[in-house]
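Take a look at this single chain in structure tokens; it is the form predicted alone.
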Amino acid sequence: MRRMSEEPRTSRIQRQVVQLILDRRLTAGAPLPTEAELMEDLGVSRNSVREALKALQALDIVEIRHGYGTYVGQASLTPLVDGLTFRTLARHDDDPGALAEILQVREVLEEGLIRRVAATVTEAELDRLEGVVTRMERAGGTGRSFPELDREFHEILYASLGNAQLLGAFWTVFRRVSGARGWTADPSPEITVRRHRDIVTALRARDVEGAQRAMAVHFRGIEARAAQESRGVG
């Protein structure tokens, strides 16, 4: 009962610490006030401050360096990735929708953003994308899978828009879950290569609709394969 009564207070102190960071415009790596200063500013006990800081550390909002103090964290998406991975893996192995939510979010984000990419992508970026596709083809020719090349392709594709971290988070969740389940993304390396090359071809032609269609086909293939393998087929 005592623990339950303290939880709302801890949450309130967390919000106050976050607000302090925002109000003071503190950036990653900046030192936070000492425990004593937080106790005085917030009017709470040392234990309450420590509980709140530990909770914020788990979210990567603060970083506790023992013997040195507490600093503003990197606010990475690691907690989101870990939470989504667990949530997806907690579903039954034969659940055909186990990856559906993650794939749908990726699909909506990437199909929408590809329209902006088509209007702004440079020839140098297209050459880099083409280079990744060529490396995919070489890897597939030797019978090797190439998930990291797949990730590199998508990171290069959206790098100029500044969305790499968010998109990468959903990519990581998908790979973690599919790896744990023993699922693959496509039926063959040749199909994977062709789908990525179709995206580059459409972008070179400045074909916005074509690029969006190519991305949609790419995701339809991933979704179909994941659903198929979740049923133990193929």
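Heads up: residue numbers just count along the shown sequence, starting at 1. Treat the numbers as computed from the prediction; the structure is a model and nothing was measured. We call the rigid core the largest set of C-alpha positions that still match within 1.5 Å between the two forms.
The same protein also exists as the form predicted in complex with the DNA; that form is not shown, yet it is the one meant from here on.
Engineer: Does any heavy atom of residue 168 come within 4.5 Å of a heavy atom of the DNA in the predicted complex?
Structural biologist: Result no; residue 168 lies far from the DNA in the predicted complex.
Engineer: Do residue 47 and the DNA share at least one heavy atom pair within 4.5 Å in the predicted complex?
Structural biologist: Residue-level check for residue 47: yes, a contact with the DNA.
Engineer: With the cut-off set at 4.5 Å between non-hydrogen atoms, does residue 59 touch the DNA in the predicted complex?
Structural biologist: No - in the predicted complex, heavy atoms of residue 59 and the DNA never come within 4.5 Å of each other.
Engineer: Looking at the partner-bound form in the predicted complex, is residue 66 within 4.5 Å of the DNA by any heavy atom?
Structural biologist: Although the DNA is absent here, residue 66 would touch it in the predicted complex, with heavy atoms inside 4.5 Å.
Engineer: Can you work out which of 204, 181, 54, 197 has a heavy atom no more than 4.5 Å from the DNA in the predicted complex?
Structural biologist: Of 204, 181, 54, 197, the residue with a heavy atom within 4.5 Å of the DNA in the predicted complex is 54.
Engineer: So the DNA isn't shown here. In the predicted complex, which residue out of 220, 15, 9, 24 has a non-hydrogen atom within 4.5 Å of it?
Structural biologist: Among 220, 15, 9, 24, a heavy atom within 4.5 Å of the DNA in the predicted complex occurs only for 9.
Engineer: Name the stretch, out of 205 to 213, 168 to 176, 30 to 38, 188 to 196, where some heavy atom lies within 4.5 Å of the DNA in the predicted complex.
Structural biologist: In the other structure, the partner sits against 30 to 38.
Engineer: Does superposing the core leave residue 212 with a CA shift of 2 Å or more between this form and the one not shown?
Structural biologist: No, shifts by less than 2 Å.
Engineer: Core-aligned, is the CA shift for residue 31 between this form and the one not shown 2 angstroms or more?
Structural biologist: Result for residue 31: yes, a 2 Å-plus shift.
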